[in-house]
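Consider the single chain below, provided in structure tokens and representing the form predicted alone.
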Amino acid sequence: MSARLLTAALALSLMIVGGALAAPSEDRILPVDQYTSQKARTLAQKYAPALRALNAGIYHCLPWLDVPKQSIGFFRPKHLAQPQDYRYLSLRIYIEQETSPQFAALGLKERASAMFSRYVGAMLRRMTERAELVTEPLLDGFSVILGWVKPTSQPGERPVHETIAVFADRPTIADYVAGRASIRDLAGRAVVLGYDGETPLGRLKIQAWEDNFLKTFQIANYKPEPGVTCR
């Protein structure tokens, strides 16, 4: 299926619910005292304003995305060799959408490709708005974890989530945000792990394309809080 048709199918499945409240909860950010290494604590303290800005920007400007508690921080990627203390700036979000026949008809890799194309690049750009993060020697990389309800989940049953966890080292992200690498290059260089509920699916090879939905979409009758500018 073409990227254009995949994007259309994803657009049909989006559901906007409710409106933003006055301020985001800071419990979405992992507290400094919960880190297990001095390296991570140093990063968390130094970039605390950047993490708060990331949390607030998603809350006010992308209200159909839910950031669970303690889902923003400098986490240690489990897929990398231990005990070296690799630290990635990580963001986990759930995408609130209702099932559409078009989206449900896609295979898992096609759904993952569509979600990657729409959200991963955009989230990475938000995560690197403080430009020195891409040159920070203590930071090893970035990760974006996306979850959404599996389209085949049955009404009345506990919904199953599909998830992709995307990991890329700092040089790869530096190339991407500087325009030296495309979103397609990013997908090829990143590690993309898939999950069907709690079942790991291993590494996924996906396609990616430019999707400007987040730059152009506007929620009818929704206005951010006074003083908030959405980009």
Partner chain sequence: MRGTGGRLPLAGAALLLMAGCATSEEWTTWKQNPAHFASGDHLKFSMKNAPGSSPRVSREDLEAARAQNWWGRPITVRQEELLER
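Positions refer to the first chain, counted from 1. Predicted, not measured: the structure shown is a model, and the values here were computed from it.
Beyond what is shown, the protein has a form predicted together with the partner chain; the following relates to that form.
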Self-check item: the partner chain: the contacting residue among Asp169, Asp66, Glu26, Asp175 in the predicted bound form [heavy atom, 4.5 Å]
Solution: Asp66
Practice problem: Just give me the single entry in Gly141, Pro77, Gly121, Pro151 that has a non-hydrogen atom within 4.5 angstroms of the partner chain in the predicted bound form. | Solution: Pro77
Quiz item: Among 178 to 186, 31 to 39, 202 to 210, 45 to 53, which stretch sits within 4.5 Å of the partner chain in the predicted bound form, heavy atoms only?
Solution: 31 to 39
Practice problem: Look up in the predicted bound form whether Arg126 has a non-hydrogen atom within 4.5 angstroms of the partner chain, and give yes or no. | Solution: no
Quiz item: Quick one: does Val160 come within 4.5 Å of the partner chain in the predicted bound form, counting heavy atoms only?
Solution: yes
Practice problem: Flag Gln82 as yes or no: does it have a non-hydrogen atom within 4.5 angstroms of any non-hydrogen atom of the partner chain in the predicted bound form? | Solution: yes
Quiz item: Hey, in the predicted bound form, does Glu96 get a heavy atom within 4.5 angstroms of the partner chain?
Solution: yes
Exercise. Scan 86 to 106 and write down, in order along the chain, each residue with a heavy atom lying within 4.5 Å of the partner chain in the predicted bound form.
Key: Arg87, Ser90, Arg92, Glu96
